[in-house]
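First comes one chain, alone, set out as structure tokens in the form predicted on its own.
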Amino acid sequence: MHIWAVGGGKGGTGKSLVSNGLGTRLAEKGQQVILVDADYGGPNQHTYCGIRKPDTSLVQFFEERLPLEVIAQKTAIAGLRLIPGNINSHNTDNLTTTQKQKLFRHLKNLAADHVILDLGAGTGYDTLDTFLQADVQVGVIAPDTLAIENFYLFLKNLKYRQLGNTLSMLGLRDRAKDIWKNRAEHGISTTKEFVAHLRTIFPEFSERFNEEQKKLKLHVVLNLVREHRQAEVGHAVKSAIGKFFHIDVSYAGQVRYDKDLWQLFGQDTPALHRGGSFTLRQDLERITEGILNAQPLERA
């Protein structure tokens, strides 16, 4: 089983649309897929799936200890099930770290070929940790300056979190903090120099950090493309990520803007299965194939 995480920092870039498209396409290929609405503060995957009022949600998992397999609801698409977010709960965006860690542990035991997490906006530790733990990491951006800046901030925080987690695993976090606090004495002025210093004095850190970095393989999706020249943004962002963040990255493709998308919601049919969504389906199918080709997934 493989866990996919779809994130990117800024809200409104289309993470839910891409998550739903990936799940739909994988299910149509004969895979067993579970979509998880992990946008705890503003869940909306049930709407994409054509489910007006979910019978269950993550509320039952956290508050009533109901198993995820019981919460997962069938959709109109064969092979695709949905675990709705915290619908109509007073506790939508205040989940503890322990609760979210418990959720990830249980997700790994689901009976499915793929579990796709639709993450919320922002760069909270739990969002970053979930993204880092996933087998397939998908970042969604839009062709505007603010969305791209927020995505770079997301990646910057992701790298910092990866560094901190590695130091914690080795019991070196406090010693590293002391070195950074007194960095002038060590001739350190940048984060790059800090990491290089840690590699020199802690060989075990260097080895483990290399292993953790190899696990981060990013697939970039460009959404809301209104004109042909905007498509170049995706390739430019891919190049910048490789150059400045040293992350293994592929450009999965683009999703063209659909001004009539809003008309596909509010009914009992999954949004991407309605007649007017041909262009969206075509783009999302191409993106799914692009990710699978860039990161072949053997059955775990």
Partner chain sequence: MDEQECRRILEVSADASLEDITHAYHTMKRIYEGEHSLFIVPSMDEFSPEARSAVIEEIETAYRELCRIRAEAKPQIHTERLSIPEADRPIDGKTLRSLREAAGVTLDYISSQTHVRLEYLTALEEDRFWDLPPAAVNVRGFLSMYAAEIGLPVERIVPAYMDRFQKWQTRRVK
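Residue numbers count along the first chain shown, from 1. Given the structure is predicted, the values throughout are model-derived calculations rather than measurements.
What comes next is about the form predicted together with its partner chain, which is not displayed.
- Partner proximity in the model of the complex, defined as non-hydrogen atoms within 4.5 angstroms of its partner chain, places exactly one of 163-171, 140-148, 112-120, 205-213 at the interface: 140-148.
- Annotation: in the model of the complex, residues L153, A236 and F245 each come within 4.5 Å of its partner chain through at least one heavy atom.
- Distance criterion of 4.5 Å from any heavy atom to its partner chain in the model of the complex singles out E232 from the list E63, E232, E69, D260.
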